[in-house]
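So this first bit is one chain, no partners, the form predicted on its own, shown in structure tokens.
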């Protein structure tokens, strides 16, 4: 069963006005359950609109949005429950913190779900642990933390609701390489430990290659390509035709191949490249 699906979905901003813009145009997309799926595409390709329709923040102009095979808009008065089941973390979520302590900010979502104090506490501690927040930080103001730690608090606040689907829009944007790896690794660990589904939007081909099991490429308001990282990044010409590119390490291996080294070009992570170059050295192909 798919975790979520869009069938014949379109969304038009400012419909019937001079500012009308088609964000997604009659698309069919299925998101597999219990994996990390990445969505990539140039600005304006429809990535964020898709994520907000999955969460019920936007209602499609046409078509049906399904979560676990149920139309999320079949009972409009219950759309609030959909937002508990499909958690959405916006880009730069640290700007949406507002509670006076870290603990209260993480607890805000579970509290709105009407859970008992003991259940809220258990969820806060679990989510905090998953993103690396320790108990000695609970009473601190989130506004006194660094940008990276603020983001962890914001992400933990959504994780604490234990959504069946967790959607993150550019979760590592603006972070240094170490911060990016730390945040993304913990998101993947969250998926594994909760047996949930994760959908990540990113402009970073490198992040998508390392952390995602499937990748959806959006272009001109429609799906352009879908597959494993190896399948997607093996089509560099097609990606370049829509203004995207393969990871830098893939370009490196392609250049080595062009210079006469017998290397694989279906390499898209640094770890894979390291292993391939080590093989060449062992075989005496390079000095």
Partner chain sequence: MLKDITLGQYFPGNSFLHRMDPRMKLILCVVYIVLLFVAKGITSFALIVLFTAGIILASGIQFRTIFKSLKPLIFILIFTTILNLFWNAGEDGTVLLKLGRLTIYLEGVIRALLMSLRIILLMAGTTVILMYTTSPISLTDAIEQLFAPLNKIKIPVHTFAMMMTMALRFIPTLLEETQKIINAQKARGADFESGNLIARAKALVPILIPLFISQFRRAEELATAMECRSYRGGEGRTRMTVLHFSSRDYIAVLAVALLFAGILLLNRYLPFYSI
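Keep in mind it's a predicted model, so treat the numbers as computed, not measured. Numbering follows the first chain given and starts at 1.
The next section is about a form of this same protein that is not shown, the form predicted together with the partner chain.
Taking the shortest heavy atom distance, is residue 171 within 4.5 Å of the partner chain in the model of the complex?
Contact check for residue 171: no, nothing within 4.5 Å of the partner chain in the model of the complex.
In the model of the complex, does residue 158 come within 4.5 Å of the partner chain, counting heavy atoms only?
The answer is yes: residue 158 has a heavy atom within 4.5 Å of the partner chain.
Close approach of residue 57 to the partner chain in the model of the complex, 4.5 Å, heavy atom:
Yes, contact at 4.5 Å.
Would residue 180 sit within 4.5 Å of the partner chain in the model of the complex, counting heavy atoms only?
Result no; residue 180 lies far from the partner chain in the model of the complex.
When the partner chain is placed as it is in the model of the complex, which of 75-83, 213-221, 119-127, 187-195 ends up with heavy atoms within 4.5 Å of it?
The contacting stretch is 75-83.
Among the candidates 131, 115, 137, 88, the residue which, in the model of the complex, approaches the partner chain to within 4.5 Å (heavy atoms):
Here the answer is residue option 88.
What are the residues of 98-133, in order along the chain, with a heavy atom within 4.5 Å of the partner chain in the model of the complex?
Result: 98, 105, 108, 109, 112.
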